[in-house]
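Shown next as structure tokens: one chain only, the form predicted alone.
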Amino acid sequence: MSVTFRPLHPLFCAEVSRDGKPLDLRQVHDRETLTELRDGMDKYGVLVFPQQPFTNAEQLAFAQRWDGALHAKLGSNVVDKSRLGNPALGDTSNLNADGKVRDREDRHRLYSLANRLWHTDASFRAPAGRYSLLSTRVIPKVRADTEFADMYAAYDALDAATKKQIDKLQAHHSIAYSRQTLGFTFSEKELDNLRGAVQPLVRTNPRTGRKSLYIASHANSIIDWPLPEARLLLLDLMTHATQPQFCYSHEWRDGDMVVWDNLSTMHRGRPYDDINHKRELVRVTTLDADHVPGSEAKVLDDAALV
């Protein structure tokens, strides 16, 4: 029987099942089902798969079946290395290397607080991240939602003049910038390793031809624009794109796997009491095979951007 998509929002996001039951992604190897899921991703941008008891190895294997090459540079390597032992496994938790909840002043915790800003994964890398697969391990007793914004709908809702203005623009993305906006400080050596990447402000899905805004808290300047004017435009676009009608907040359940397309969505973690409640999720992100060639060479000095 074919896969069923149950919409969770009027514009995007759907929960996936087969024959009224959760689809066990660990057993999905056939091309037909994978094609159905990719088609569903093109339509909905965010797919929710309940009851997925993944191990780390199983999650990595499914991500490769989903989209091939995996992103092994998910963060900046500024804070301590992932306790998960594989650079393709993103540690989306509030735990230290001993598995204990991090203290309030822990540098890794302060760095990770920027995940509560709207962003798209690895846009500060070239190539960037395309699909992210986030799987639960430990869910806290308090709500700790992840919120998504539909960048297809946000682009469609722009007026014609704005679409024309931004269609060919490129923005510089920097993970240092998004952290610095919250007051996180870097050493000169750390900043030297955080060069960032240039990305188009408007992306086109090569499978459907549909256009989306490609913005994030990492976006800090527009190429060839005065910096104040660029940041005003980026702020206006961010405000527009995160209006309530474009957003869906996912309340995590034990066993949930959520997969999203970074080309067509932004996301952010919502605040929760991370000092007293353990929360552990694991993320794998695939490489963006449709990344615009040549942007790898377009890097700027992050230290000059703030």
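Throughout, we count residues from 1 along the sequence that is shown. Bear in mind the structure is a predicted one, so any value in this text is a computation, not a measurement.
What follows is about the form predicted in complex with a small molecule, which we do not show.
Given the stretches 163-171, 227-235, 195-203, 119-127, which is the single one in contact with the small molecule in the predicted bound form, using a heavy atom cutoff of 4.5 Å? Careful reading of the contacts points to 119-127.
Report the residue, out of Asp156, Glu190, Asp106, Asp145, that has at least one non-hydrogen atom within 4.5 angstroms of the small molecule in the predicted bound form. It is Asp145.
Heavy atom within 4.5 Å of the small molecule in the predicted bound form: which of Gln180, Ser221, Thr136, Thr92 fits that? Just give me the one. Going through each option in turn, the one that passes is Thr92.
Against the small molecule in the predicted bound form, would Trp260 count as a contact residue? Criterion: heavy atoms within 4.5 Å. It does: once the small molecule is placed as it appears in the predicted bound form, Trp260 has a heavy atom within 4.5 Å of it.
Decide whether Asn115 counts as a contact residue for the small molecule in the predicted bound form under a heavy atom distance cut-off of 4.5 Å. Yes, contact at 4.5 Å.
Would His9 show up as a contact with the small molecule in the predicted bound form if we use heavy atoms at 4.5 Å? The answer is no: His9 has no heavy atom within 4.5 Å of the small molecule.
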